[in-house]
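In the form predicted on its own, a lone chain appears below as structure tokens.
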């Protein structure tokens, strides 16, 4: 019988995500990734035979699952505005009020293989599509809904970049507070 893993998948992915989130793909050395997980390099390679790219893709799959949870109110609340407000609150908590960087911003930077960049774009699309869907439910045309969702996404991501640069989550929190009006008018 194989020995159970010493670190469960979600915890492992969260630890890897922290390294990628703070250093980007290129800056995430195998030593730092191993240290963050408490595993030896050989154990990491056993779990991720394709190396760092496979680790990054696993992290992005984890982020997508987390985003799916955060987006539930936006997707399911019969009152689109209430759903957007609740989802914005959840994103605010998830990103530490705008002081935590986003792997969608840092991971696909220089050095990331195309597969990781594509996977990051797919995860971002989950977020943007959910916002476009709620905007359509709120009465916007398909084109208006997509543009509003892209603007809301860009405002939030820009707020996260600002928070990382200046240690001030205010722009991120203001972006989230504007989501209901951006998406629903």
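Quantities reported herein were computed from a predicted structural model and do not represent experimental measurements. Numbering follows the first chain given and starts at 1.
Form predicted in complex with the DNA: not shown, discussed below.
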{"query": "Partner-proximal stretch of 136-144, 151-159, 59-67, 22-30 relative to the DNA in the predicted complex, 4.5 angstroms, heavy atom", "finding": "22-30"}
{"query": "Close approach of residue 39 to the DNA in the predicted complex, 4.5 Å, heavy atom", "finding": "yes"}
{"query": "Heavy atom of residue 47 within 4.5 Å of the DNA in the predicted complex", "finding": "yes"}
{"query": "4.5 angstroms heavy atom contact with the DNA in the predicted complex for residue 122", "finding": "no"}
{"query": "Residue 129 within 4.5 Å of the DNA in the predicted complex, heavy atoms", "finding": "no"}
